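In structure tokens, the next block holds one chain alone, the form predicted on its own.
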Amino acid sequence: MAVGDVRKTIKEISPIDVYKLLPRTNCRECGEPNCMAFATRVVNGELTIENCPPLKKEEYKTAYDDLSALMAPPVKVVTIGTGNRSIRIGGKYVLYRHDFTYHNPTPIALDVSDDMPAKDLADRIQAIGDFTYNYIGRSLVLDAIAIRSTRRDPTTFAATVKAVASRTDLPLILCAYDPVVVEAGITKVNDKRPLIYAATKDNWKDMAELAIRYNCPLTVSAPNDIPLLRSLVQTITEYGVTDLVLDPGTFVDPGLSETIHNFTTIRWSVFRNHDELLGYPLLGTPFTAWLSGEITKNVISWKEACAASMLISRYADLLIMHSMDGWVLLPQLIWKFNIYTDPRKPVSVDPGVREFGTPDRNSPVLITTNYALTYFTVESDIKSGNITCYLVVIDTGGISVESAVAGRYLTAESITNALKEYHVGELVSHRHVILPGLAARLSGETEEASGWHVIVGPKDSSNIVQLLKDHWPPPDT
């Protein structure tokens, strides 16, 4: 394999290819037992070459450069912002998620504009920063703020950028087509590495100058014109700008089908035709739904939500949205979370015993699996019902109850072993355990194997409260 051939996908790179370029000292400074183990994890996307301390030494500079070229993804990684809140976009190795894990989940930026009253601007910034949703144990949040110049006045835009930057540490996107306006904004946040939006066929040189002068990534925009977009990329990269984001245009109504086609065509060109000029992150702007002639806000929001979901599915690496409604944003946050999980590894929680309330020796014992969605659904129902209990989480490899029973991951034996391993019998004075309704067929075997009496619970954990009212404590406790 030729080192630095960006046509290679991660699937074609073997651990041996990486191993040959490592120091091969087996020093264990990376935390792995040897260099081959490290190479395997690098190829699997679990570690990067930066996790190898010796590679950072001057004597291994050539090896580091060769490894960087070897592992470079066909879609370049671009960083927006600085510090802990910076975002990385792009970095895709494959066209389809089932081939290899997608990296760098699509950030969602919310827009503000420089014509907003000061209080409205402050309130919106606060709402963007405070937006959070707990989904199977993960906090889903918004990622950036896009500042749009609607007045096209450098002084007004600069004041707005300064006001936004003073209220948030989120990465910023500066949106204007006038280089003078953009520069007025950049001077207020030149240490924050904002994304510049956007270079076009009319202003590309001035925008490229700004990107170089302030070391900022630059968006290249050519709506619905891929040949022009490609030509602009070639011109701007030859001019000296390396961190680019591509905007092929987002048309919500009409034109959504053409939009999705363009995004797909660009990404296909990278992975099927090995087009390096289009190998940059893609920007989608579903907020353009608000620029249509539609007057009903709910309809506009619905169109924006649909466009955003489709763009996340079809290769958008960054989105700019407008609606703050939960029913618009939550589907996008949950959808990108699920797309960007490792398809080889179910989302799971640690097995063990969880305590809810202040359980004592007479409290009920419930069973569930360590599939994250199952666990957090059960946890939510227990908390909302103010139930005091012990919850035994069985290691089923991150598989849900019904699938775990069918696949023999949740069995009478595994339940019995968990009760023993976690010393549940020492926590309570009774010997009654509540199985999920979807595991009812294991009740007899579990009683025989464990010596515990089984109560078959509901199929839906929201009915646990009623079950305990009707059947707890059992007659013989």
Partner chain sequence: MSEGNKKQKQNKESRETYPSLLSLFSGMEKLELEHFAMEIGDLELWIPTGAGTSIPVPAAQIIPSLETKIKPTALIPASFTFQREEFPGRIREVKLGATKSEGGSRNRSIVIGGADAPPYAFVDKPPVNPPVFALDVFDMEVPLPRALKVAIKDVMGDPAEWARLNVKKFGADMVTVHLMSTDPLIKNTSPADAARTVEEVLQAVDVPIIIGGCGDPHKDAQVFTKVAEVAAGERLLLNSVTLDMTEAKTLEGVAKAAKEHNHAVLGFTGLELNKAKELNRRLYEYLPPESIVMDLTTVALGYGLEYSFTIHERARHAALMGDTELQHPTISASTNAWAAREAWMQMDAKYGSKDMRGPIWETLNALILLLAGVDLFMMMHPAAIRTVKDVVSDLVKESSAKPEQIAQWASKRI
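By rigid core we mean the largest C-alpha set that fits within 1.5 Å across both forms. Numbering follows the first chain given and starts at 1. Given the structure is predicted, the values throughout are model-derived calculations rather than measurements.
What comes next is about the form predicted in complex with the partner chain, which is not displayed.
Trainee: With a 4.5 Å heavy atom cut-off, would you call Pro117 a contact of the partner chain in the model of the complex?
Mentor: Judged by the heavy-atom cut-off of 4.5 Å, Pro117 is well away from the partner chain in the model of the complex.
Trainee: State yes or no: in the model of the complex, is some non-hydrogen atom of Lys383 no more than 4.5 angstroms from a non-hydrogen atom of the partner chain?
Mentor: No.
Trainee: Given that the partner chain is not shown alongside this chain, does Arg361 nevertheless sit within 4.5 Å of it in the model of the complex, heavy atom to heavy atom?
Mentor: Flag for Arg361 set to no.
Trainee: Give a yes/no on whether Cys216 approaches the partner chain to within 4.5 Å in the model of the complex, heavy atoms considered.
Mentor: No, Cys216 sits far enough from the partner chain in the model of the complex that none of its heavy atoms falls within 4.5 Å.
Trainee: Using a 4.5 Å heavy atom cut-off, indicate which stretch of 388 to 396, 349 to 357, 305 to 313, 163 to 171 touches the partner chain in the model of the complex.
Mentor: That would be 305 to 313.
Trainee: Report the residue, out of Asn370, Asn104, Thr101, Thr288, that has at least one non-hydrogen atom within 4.5 angstroms of the partner chain in the model of the complex.
Mentor: It is Thr288 that has a heavy atom within 4.5 Å of the partner.
Trainee: Please identify the residue among Asn190, Thr242, Ser86, Ser292 with any heavy atom within 4.5 Å of the partner chain in the model of the complex.
Mentor: Contact with the partner chain in the model of the complex is made by Ser292 alone.
Trainee: So which residues in 109 to 131, when you check the partner chain in the model of the complex, have a heavy atom no farther than 4.5 Å from it?
Mentor: Heavy-atom contacts to the partner chain in the model of the complex: Asp115, Asp130, Phe131.
Trainee: Look at Asn34 and decide if its Cα position differs by 2 Å or more between this form and the one not shown after superposing on the rigid core.
Mentor: After core superposition, the displacement of the Asn34 C-alpha between this form and the one not shown stays below 2 Å, so no.
Trainee: Superposing on the rigid core, is the CA of Ile49 displaced by 2 Å or more between this form and the one not shown?
Mentor: Where the cores coincide, Ile49 shows only a C-alpha shift between this form and the one not shown that is less than 2 Å.
Trainee: 2 Å or more on the CA of Lys383 between this form and the one not shown, with the rigid core superposed, yes or no?
Mentor: Result for Lys383: yes, a 2 Å-plus shift.
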